[in-house]
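Given next, in structure tokens, is a single chain: the form predicted alone.
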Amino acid sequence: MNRSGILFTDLYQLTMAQVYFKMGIHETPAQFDHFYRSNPDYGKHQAGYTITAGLSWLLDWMDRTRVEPDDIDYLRTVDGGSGRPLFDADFLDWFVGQSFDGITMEAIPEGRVTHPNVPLTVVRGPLAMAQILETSLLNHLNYQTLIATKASRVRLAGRGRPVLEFGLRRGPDIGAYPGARAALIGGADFTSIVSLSAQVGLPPKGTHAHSLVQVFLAEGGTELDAFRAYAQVYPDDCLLLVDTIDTLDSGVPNAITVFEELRAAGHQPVGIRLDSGDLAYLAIQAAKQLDEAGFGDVLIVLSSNLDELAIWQIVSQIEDEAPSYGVDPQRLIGRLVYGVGTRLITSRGYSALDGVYKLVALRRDGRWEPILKLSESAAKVPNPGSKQVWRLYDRRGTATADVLGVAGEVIEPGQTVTLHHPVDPTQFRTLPEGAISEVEKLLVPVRREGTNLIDGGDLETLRARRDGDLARLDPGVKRLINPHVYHVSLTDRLWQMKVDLVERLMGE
């Protein structure tokens, strides 16, 4: 009874599966689309995109998950408050031994830039098991995509300087582990988590805590004694936390003393870390002291409640203020490293991606029949049926729109295309002949009837995919504040299908 089993789901998935079983439709082929409705909104700082993450871990979970006898034994004891078992023996007899072997999936691979209302994952398979998959799929994909997106924004704010993920102590229990992985996909260069670093093939990164200095003080020593002890053990990996007592009058001068001793012994110090106070001001003053002592190349690591907006502010302050202290701002920015913990792993400002999993088609009489859910909110009416998803690039080679169309449709470079807003019937635009330079299909097969078709790729591959997409995204969409809205559109055929289904259902 744990996260690795079939019971890692919501009760209503199982109760619906029993209804389908009783009606004899549990094996009916069904299609569900997973997408999210809006980009993460950090108050006035809504993201212009997301970065996908979590798919390979979902596929691994599906691969190893079976309905075990112990699961059935537990379900026999569940009642809904009526005093009688919630699940009948005939359903449980069928359910034991079930798996996701009948599930076929397409998905947008991890590390890609994605946008609202675009299917990130398309699931096809027997109705009951495809339904039961919903909770775990959303759990695996929504959180990792959310954190990968936050990490991407942090990296952009830091102008590509190294980002260290420090969130394990503040993360949501074991959820900090997939969160840190997502951060590595989205923008963090390293993590402090030793086991995850081993898993993804990276060295773990970290320094020391204030307690190291406090121990030496309690034993009658000094901050300099603590720094010397650390340098003695790690002469080629010496990065010192300098704000335990007084950053500029004690920490940095003592670090410089130790660095001089290391250099005299033939070692190269790594840098210092600032973990409190006005980080922009302290970084400028620390850089000034280090430069004057001949250590203009050592790193300055900043930490303490950082996120993309805090980093953006620090960089802006350095650019404005450093010249008045005789410090080259660009040179200083080029030696900064950011240790980002709590606000990254908890996605400070936006706690959950609104990813959903909606039934869009059922296969009847040998053909896929589109299914539509009506809602009083037009934004919550999903796009029905089996679909194609393309990314269109303009003459600059920049992504200009993601387009959803009916399965079997074709969009080719150079052709004229009319695109409809997914919700508002008054909004549409026509891309004239020659406006489209490239058309890319976004969904790729990732699982076919129990066989995973991808291995997830190594971290280097996922990061290259991320960097490639971001490079082709308009700079306005990447803004941290007030980004341009990226267009997600429907073809004429899909728009008309949606309108016809709405009219038909409203008339019934």
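Numbers for residues come from their place in the sequence shown, where the first is 1. From a predicted model like this one, the values you see are computed outputs, not experimental measurements.
The following text describes the form predicted in complex with a further copy of the same chain, which does not appear among the structures shown.
G171, heavy atom within 4.5 angstroms of a further copy of the same chain in the model of the complex
Result yes; G171 sits at the interface with a further copy of the same chain in the model of the complex.
Is E223 close to a further copy of the same chain in the model of the complex, meaning a heavy atom pair under 4.5 Å apart or at it?
Contact with a further copy of the same chain, no.
Just checking whether D307 would be counted as a contact of a further copy of the same chain in the model of the complex - the rule being heavy atoms within 4.5 angstroms.
Contact check for D307: no, nothing within 4.5 Å of a further copy of the same chain in the model of the complex.
Though only this chain appears here, would T346 touch a further copy of the same chain in the model of the complex if you measure heavy atom gaps against 4.5 Å?
Flag for T346 set to yes.
Looking at 78-86, 288-296, 387-395, 433-441, which stretch has residues with any non-hydrogen atom within 4.5 Å of a further copy of the same chain in the model of the complex?
Contact-bearing stretch, as computed: 78-86.
Sort through N452, T65, T28, Q46 and report the residue having a heavy atom within 4.5 Å of a further copy of the same chain in the model of the complex.
Checking each option against a further copy of the same chain in the model of the complex, the one that comes within 4.5 Å is T28.
Which pick from F259, F100, Y143, F95 sits with a heavy atom within 4.5 Å of a further copy of the same chain in the model of the complex?
Exactly one listed residue reaches within 4.5 Å, namely Y143.
For 192-208: residues with a non-hydrogen atom within 4.5 angstroms of a further copy of the same chain in the model of the complex?
S192, I193, V194, S195, S197, A198, Q199, L202, P204, K205, G206, T207, H208, in sequence order.
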